[in-house]
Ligand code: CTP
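One chain comes next, on its own, written out as structure tokens in the form predicted alone.
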């Protein structure tokens, strides 16, 4: 046994604790349990069963733990490792709270149908289980047998539920144990064991994890996503490999930070976030028209194109994440070209849409400062051309990536980007989830908007406000 910790000592300092959450109404208490474990010095990574995500979303857990939340046995970490296996191999202890009757039965029989059971099956670390369910479920012979097997055959520590009001409206034994008691059980289970995996590189990766403030409230952000399709004839088109994941991640992140989002979506292969005003386009020409309208005004609720039902509200920023075709057929046909005729395409360059927007907005628009403009550049092999594009397009930021790099191309959930700005500086980010990349980009957009407005306010204060002031 180790000596009792002194006053103020953190009993789980340096430990990695895996917190498994299953689908009980008590799942909301797991957020506070995470806080208590963290207050004891633990590094906490969260695993959610599919039903748990219906009670508590992963965002709160990810923000508080600074780790990606594991919720699918097929999910990979940004570096390609299997998420729940990394947790199983590196966690000092796994605590499942709340544990449902279903989870107890699955675990007792070795059924790895979710990340919580899979990690517990794959680990040699102590497992602490805190059940929560209706009283009759807790006393049912099947549950009693499953709990007995976990204790006696598996050596799990079971923190029994307590008596009190239950979600069913009845009263009985089934309430999740008090959270401090669960923390005490974790501390006791670890006793004097050394830290199992002190090498941070072999633990689950830490993300930025800082909860973003609602720093885009009252801002309207226009985001483009997906790849344009240039018609050859009514059946065929020239396209690209963009799936729209990066644009969708940007829209989702901007909405979470309070922005009003206009999302101009070309061909996409992902679900688009609810809450965005979506304008569907296909070709570069359609995107061009929608972009001109969207930058000057906001779509009315229910608008499905870039022309009707406008509300005057200029955009504060444009994030041009769409993969716009560089070329389009010079003479698209209005009928399907028969195979027997053969096909020779004459291509014409498409307009530089971001450059056009930059020229249109200039330095001022309707007496207001110009919107912040963010471009994207997909390169292969090198990013050496990227810095010149910032000045050439007269934009604020350019997000460039090498699409030939593993984990950084089209269709992936991750991206490794470098952000260039008009001052000439650059920020090389590590391989991150596209959602985290989106927030890193929006961090800069929010800061640039605040600086823009501050400069405008300062300039306004310096201008004379009366004929008397002008004569002095």
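All of these numbers come straight from a predicted model, not from anything done at the bench. Positions refer to the first chain, counted from 1.
The form predicted in complex with the named molecule is left out here; the points below concern that form.
Participant: Which single stretch, out of 255-263, 352-360, 146-154, 186-194, brings residue heavy atoms within 4.5 Å of the named molecule in the predicted complex?
Facilitator: Within 4.5 Å of the partner lies stretch 352-360.
Participant: In the predicted complex, does residue 375 have a heavy atom within 4.5 Å of the named molecule?
Facilitator: Output for residue 375 is yes: heavy atoms within 4.5 Å of the named molecule.
Participant: Is it the case that residue 292, even though its partner is missing from this view, gets within 4.5 Å of the named molecule in the predicted complex, heavy atoms only?
Facilitator: Taking the distances in the predicted complex, the answer for residue 292 is no, it never comes within 4.5 Å of the named molecule.
Participant: Classify residue 269 as contacting or not contacting the named molecule in the predicted complex by the rule of any non-hydrogen atom within 4.5 angstroms, answering yes or no.
Facilitator: Although the named molecule is absent here, residue 269 would stay clear of it in the predicted complex, with no heavy atoms inside 4.5 Å.
Participant: Test of understanding: in the predicted complex, would residue 213 fall inside 4.5 Å of the named molecule by heavy atoms?
Facilitator: No, residue 213 stays farther than 4.5 Å from the named molecule in the predicted complex.
Participant: Answer with one of 241, 385, 140, 202: the residue that has a non-hydrogen atom within 4.5 Å of the named molecule in the predicted complex.
Facilitator: Among 241, 385, 140, 202, a heavy atom within 4.5 Å of the named molecule in the predicted complex occurs only for 385.
Participant: Between the options 136, 326, 72, 162, which residue brings a heavy atom to within 4.5 Å of the named molecule in the predicted complex?
Facilitator: Contact residue from the list: 326.
Participant: Using heavy atoms and a 4.5 Å cut-off, decide whether 322, 389 and 393 all contact the named molecule in the predicted complex.
Facilitator: Every listed residue reaches the named molecule in the predicted complex, so yes.
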